[in-house]
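Next up: a single chain in structure tokens, the form predicted alone.
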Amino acid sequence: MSREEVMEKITAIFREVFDDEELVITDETNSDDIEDWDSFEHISLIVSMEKEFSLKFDVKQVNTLENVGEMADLILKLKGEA
């Protein structure tokens, strides 16, 4: 899976979780950029990504992520494609 494919899936997850088909997600997107991104939505994002990519995140890994780009890199690493 390419990084571009990962970002496309991440974007689809964000659009579904935040119920906004116009939402634009970039590598730099973080919780400050999306008004409704609170702790509940954060958990929803993590669970949705675990399901979509068939993986399980370590809490320590997730807590160190600063933006969506780092999440994409982590997914590729966990999938053995980074």
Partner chain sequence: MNEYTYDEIETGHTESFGVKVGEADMESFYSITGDENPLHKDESFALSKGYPSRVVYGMLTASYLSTLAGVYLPGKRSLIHSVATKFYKPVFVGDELTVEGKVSDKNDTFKLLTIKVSIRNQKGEKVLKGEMTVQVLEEEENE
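Computed from a predicted model, the values in this text were never measured in an experiment. Positions refer to the first chain, counted from 1.
There is another form of this protein, the form predicted together with its partner chain, and it is not shown here; the text below is about that form.
- Using a 4.5 angstroms limit between non-hydrogen atoms, residue 24 is distant from its partner chain in the predicted bound form.
- Although the partner is absent from this view, residue 33 stays clear of its partner chain in the predicted bound form, with no non-hydrogen atom inside 4.5 angstroms.
- Proximity of residue 57 to its partner chain in the predicted bound form falls within the 4.5 Å heavy atom cutoff.
- Its partner chain in the predicted bound form is approached by residue 50, whose closest heavy atom lies within 4.5 angstroms of it.
- In the predicted bound form, 40, 43, 46 are the residues of 13-46 with at least one heavy atom within 4.5 Å of its partner chain, listed from first to last.
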